[in-house]
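Okay, here we've got a single chain as structure tokens, the form predicted on its own, with questions on binding and movement later.
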């Protein structure tokens, strides 16, 4: 006897861009939390954010106090803990365990909230803890970097690194809300600010040629941190990522193709080969340049398009080379890692034109070496 039933879940992915989120007069966070039936909330703040915004944890506590004083019925904020940020937050289970322990200590149930304020790596680790506790506690992500706002926080993935492999342990869960506050970008280093735009180049190459044209035109101003031209690019990039996740038909990656990982197979390996000293955004920039050079050499991509993408990355002050690219054997192991992560069949997205792509299922080592050599300074 056999029973087979297909079903769908009514998932809702809410993303809001705002500024001065913790200003008592700003209603965004209040509207997200109000009427949820939640009794409690706990929060975690990225140590980098706390350092750049002294009293950051207290600012969140003050916001909750101000809302209560004004008579708004919101969950009680039970604790605000500062946790490590950057890729170090994902290299072991410390942050995940801290989140799970806090949910137990403060009697956080499945209708309560975990609020995470930080960069993409920290959001991944805190999110995994929230996903595992009670098989899922409501998560509010407040991304604080360009990379987190235009890409990482838009996803439904949470995870940490294990065995020297990127995101080896993780789970899928749709956040209750993603609230992007452009104010946090003001205190980023210029390097971190620019790094997030590699994901914008990626999604433009895949989905929106006009966005690539816009970034080519505005590259100098983006690299100089002109927020007036940077924010529309960040918002559009976030929108494109969100649309792919919610409308692409495979949010939990049950199939093998992952087009939004264009440029990522080598990026993930470069990160691990460097001991995660190469930031993710910079590794993605290098990975995009490498894939474009490879696609050109196998006849998929016109030389003009490959040159155009690489030139845009460089105009944004993003790297397209690292000496670790010369470790071809290491890169090839990255292909095997990627194959295993996808589920058995190697599937790499390669551009055929700006705005068009195709999946390939093998990569030639000799051609890869030639592509690497073409990027060398």
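Computed from a prediction, not measured in an experiment: that's the story for all the values here. Numbering follows the first chain given and starts at 1.
There is another form of the same protein, the form predicted in complex with a small molecule; it is not shown, and what comes next is about it.
**Q** Using a 4.5 Å heavy atom cut-off, which of 137-145, 228-236, 107-115, 293-301 contacts the small molecule in the predicted bound form?
**A** Selected range: 137-145.
**Q** Which of 167, 213, 274, 98 has a heavy atom within 4.5 Å of the small molecule in the predicted bound form?
**A** Only one listed residue qualifies here, and that residue is 167.
**Q** May I ask you to choose, among 205, 178, 267, 121, the residue with a heavy atom within 4.5 Å of the small molecule in the predicted bound form?
**A** When the small molecule is considered in the predicted bound form, the option within 4.5 Å is 121.
**Q** Report whether the minimum heavy atom distance between residue 52 and the small molecule in the predicted bound form is within 4.5 Å.
**A** Looking in the predicted bound form, residue contacts with the small molecule include residue 52, since a heavy atom lies within 4.5 Å.
**Q** Going by a heavy atom distance of 4.5 Å, is residue 157 a contact of the small molecule in the predicted bound form?
**A** So residue 157 counts as contacting the small molecule.
**Q** Using a 4.5 angstroms cut-off on non-hydrogen atoms, would residue 48 count as touching the small molecule in the predicted bound form?
**A** Yes, residue 48 is a contact residue.
**Q** Could you tell me if residue 174 has a non-hydrogen atom within 4.5 Å of the small molecule in the predicted bound form?
**A** Residue 174: no, not in contact with the small molecule in the predicted bound form.
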